[in-house]
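Below sits a lone chain in structure tokens, taken as the form predicted alone.
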């Protein structure tokens, strides 16, 4: 089903729902998790900032990328970077007060929250939390509202602003296609110093606790992502406080409670949600079609 057919179908459902019920409540997405869901432990005291993970990620997702040798350029560390539509993971560098000669290098990507704010905020269900821990995006349903970008506490989802037709939301998908085949995520597989450990989330948390217990001088006593926003699939250990190395201070309460407030505000005056989705979807399709016609006109003129 393409986006146009999806929107037409949604409009039909919206009309039926409007006739049948004018007090429909906002539905909370079902969050089904497996006890065996996977995760990655990132040991920031081991990472050397080689950025091999950046290259492997782009290569495995068929995103054009410079040769691996080019990633040795450390000048990119002069500014803090966030994942973008064509760079699902990035490495940043931070000062190390304990040893200025050994900076702290930290890999960033989608955290794959256990209770994702993006899933909760999406008004058409185009983002799913899979039982294995992955948070993935469905291009056939997305209408480009970008609520997921607003809702994400880690500011991860990126929008293809420079793509005039069929722009997409882009982010790390936990290498879902690779892991289905029994392979490791590309970034984990290529890491030369084993700063990334992939396994069952429950097991890697045990590994993290053991590392901290065995080396109290090396690590602060905090596993980031174990409890933040009700837990994430990517968890971190560090020698320095996490708010000093690029991570937001977050409560243990999951983020959807905040993002759902956006939707409840929209429907405060008893506007049926499905009707609102239909209206928004129609506007998005009209806007998309206008862009297509503009591109066709420019092509004909040239």
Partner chain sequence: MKNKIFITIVILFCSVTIIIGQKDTSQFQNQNNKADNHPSITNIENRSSFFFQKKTGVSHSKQPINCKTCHSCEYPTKNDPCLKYCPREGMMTVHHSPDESPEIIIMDEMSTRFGAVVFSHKLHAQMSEMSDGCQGCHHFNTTGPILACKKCHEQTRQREDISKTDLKGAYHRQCMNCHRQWSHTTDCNSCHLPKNDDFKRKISEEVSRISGKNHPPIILPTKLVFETGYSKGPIVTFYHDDHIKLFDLTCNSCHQHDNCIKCHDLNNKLTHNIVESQKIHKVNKSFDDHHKPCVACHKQDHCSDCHSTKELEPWSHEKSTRFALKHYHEKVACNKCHIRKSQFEKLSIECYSCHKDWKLGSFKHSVTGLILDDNHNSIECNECHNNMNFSSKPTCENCHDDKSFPKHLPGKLRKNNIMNNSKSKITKK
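Residue numbers count along the first chain shown, from 1. Quantities reported herein were computed from a predicted structural model and do not represent experimental measurements.
Unshown form predicted in complex with the partner chain; subsequent notes refer to it.
The candidate spot formed by 101, 183 and 207 lies fully in contact with the partner chain in the predicted bound form, as each residue has a heavy atom within 4.5 Å of it. Only one of 141-149, 207-215, 79-87, 221-229 places residue heavy atoms within 4.5 angstroms of the partner chain in the predicted bound form, namely 207-215. Note on contacts: among 121, 191, 91, 135, the single residue with a heavy atom within 4.5 Å of the partner chain in the predicted bound form is 191. Put simply, residue 48 is close to the partner chain in the predicted bound form: some heavy atom of it is within 4.5 Å. A residue is said to contact a partner when one of its heavy atoms sits within 4.5 Å of a partner heavy atom; residue 69 meets this definition for the partner chain in the predicted bound form. Contact check for residue 114: no non-hydrogen atom falls within 4.5 Å of the partner chain in the predicted bound form.
Within this chain, residue 203 lines the site of the partner chain in the predicted bound form, having a heavy atom no more than 4.5 Å away.
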